[in-house]
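First comes one chain, alone, set out as structure tokens in the form predicted alone.
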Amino acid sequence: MNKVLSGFVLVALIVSSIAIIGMATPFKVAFVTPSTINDSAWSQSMYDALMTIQNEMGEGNFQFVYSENMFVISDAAAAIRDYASQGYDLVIAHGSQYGGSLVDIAPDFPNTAFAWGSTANTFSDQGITNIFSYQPYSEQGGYVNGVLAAKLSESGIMGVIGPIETGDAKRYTEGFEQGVMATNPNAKVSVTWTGSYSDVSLAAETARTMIKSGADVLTGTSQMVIGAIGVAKKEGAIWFGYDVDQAPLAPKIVVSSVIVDWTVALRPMIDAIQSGTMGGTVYDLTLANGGLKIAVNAEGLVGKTIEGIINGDIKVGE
């Protein structure tokens, strides 16, 4: 009897050991971002991507935490260092302003991978081997929005509200201008760089100035554009979005949005880390690889036509 019981105990121990060995350690990510995860722009796009990855892999295999509103560089650097010291597999510094901090921090944590963007710089020329970078070819999406904008603008005057003339904001603006001019060489594109990613009031003020100057189409990048979208909605100007689908903010005036799908960079990045490669790769996001997508809002696209028929400005059948 004792031998039988011993056999059962032995089998149970073996099964338990196999279960423990088979349990995968979850891949852990920390995410530091300059604005809120529901900013309808830059930070939300990365949060949405991380949620998508978690849904694909399962919460037991993929976990992430975040620190938002890290617009003060020193605060962000402290958060990045703290996450690295806690043993996260990947720390994402989601902002081009965080590069200097990574150069200081990454060498101290060779077993942690870091990522940042929008940039092509992994600092490998400085001997750093554990930093990835990512960059959207936002000029491609900007071009598409520019073509649509030129076709829909009645005044031929369009305004772009950008934060700082660098990274994907610069590339998007250049693409938008190129798309407009390729469609309507007589159009005018006015560009204002506010110098801030987060000043919602300044973006709103800039939008008002542009509309008073004749612009009937506006676009822009970064989390500050929430203010500009509000003004465009109030004044009836058309808006073209970037980062996420911004149609829910103003369904009648948002014509299309360039969606940045960071999962196209995150999936291969995670695979690389799990295979032992901790950095050195630049991940590009394009229309071709699905890193950029165009969300066309039907209501915004034909909104003015419908409104014109309703209010009598457009006569049909006469």
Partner chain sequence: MTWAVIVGILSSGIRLATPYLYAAVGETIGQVSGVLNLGVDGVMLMGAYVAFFVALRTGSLSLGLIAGAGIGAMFGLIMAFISVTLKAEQGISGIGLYLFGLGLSTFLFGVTIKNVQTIDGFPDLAIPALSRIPVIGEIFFQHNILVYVAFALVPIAWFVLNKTPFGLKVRAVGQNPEAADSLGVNVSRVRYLTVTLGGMLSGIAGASLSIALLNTFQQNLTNGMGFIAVALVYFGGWRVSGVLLGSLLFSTVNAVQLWLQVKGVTIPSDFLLMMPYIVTILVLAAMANRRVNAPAALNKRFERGES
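Residue numbers count along the first chain shown, from 1. Note that the structure is a prediction, hence the values are computed from the model and not measured. By rigid core we mean the largest C-alpha set that fits within 1.5 Å across both forms.
Separately, the form predicted in complex with its partner chain exists; it is not shown, and the next lines address it.
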Contact residue in the predicted bound form, from Ser155, Ser124, Gln178, Ser190 (heavy atom within 4.5 Å of its partner chain): Ser190
In the predicted bound form, Ser45 touching its partner chain (heavy atom, 4.5 Å): no
Touches its partner chain in the predicted bound form: Asn38 (any heavy atom, 4.5 Å): yes
Ser138 within 4.5 Å of its partner chain in the predicted bound form, heavy atoms: no
Partner contact for Met210 in the predicted bound form: its partner chain, 4.5 angstroms, heavy atom: yes
Segment that reaches its partner chain in the predicted bound form - one of 236-244, 179-187, 192-200, 140-148, heavy atoms within 4.5 Å: 192-200
Leu50, Ala106 and Thr277 all contacting its partner chain in the predicted bound form, non-hydrogen atom within 4.5 Å: no
Members of 217-245 lying within 4.5 angstroms of its partner chain, judged by heavy atom, in the predicted bound form: Gln223, Met224, Ile226, Lys233, Lys234
CA of Glu235, rigid core aligned, shift of 2 Å or more between the shown form and the other one: yes
Residue shift check between the shown form and the other one, rigid core fit, Trp193 Cα at least 2 Å: yes
Large Cα move at Glu165 between the shown form and the other one, threshold 2 Å, rigid core: yes
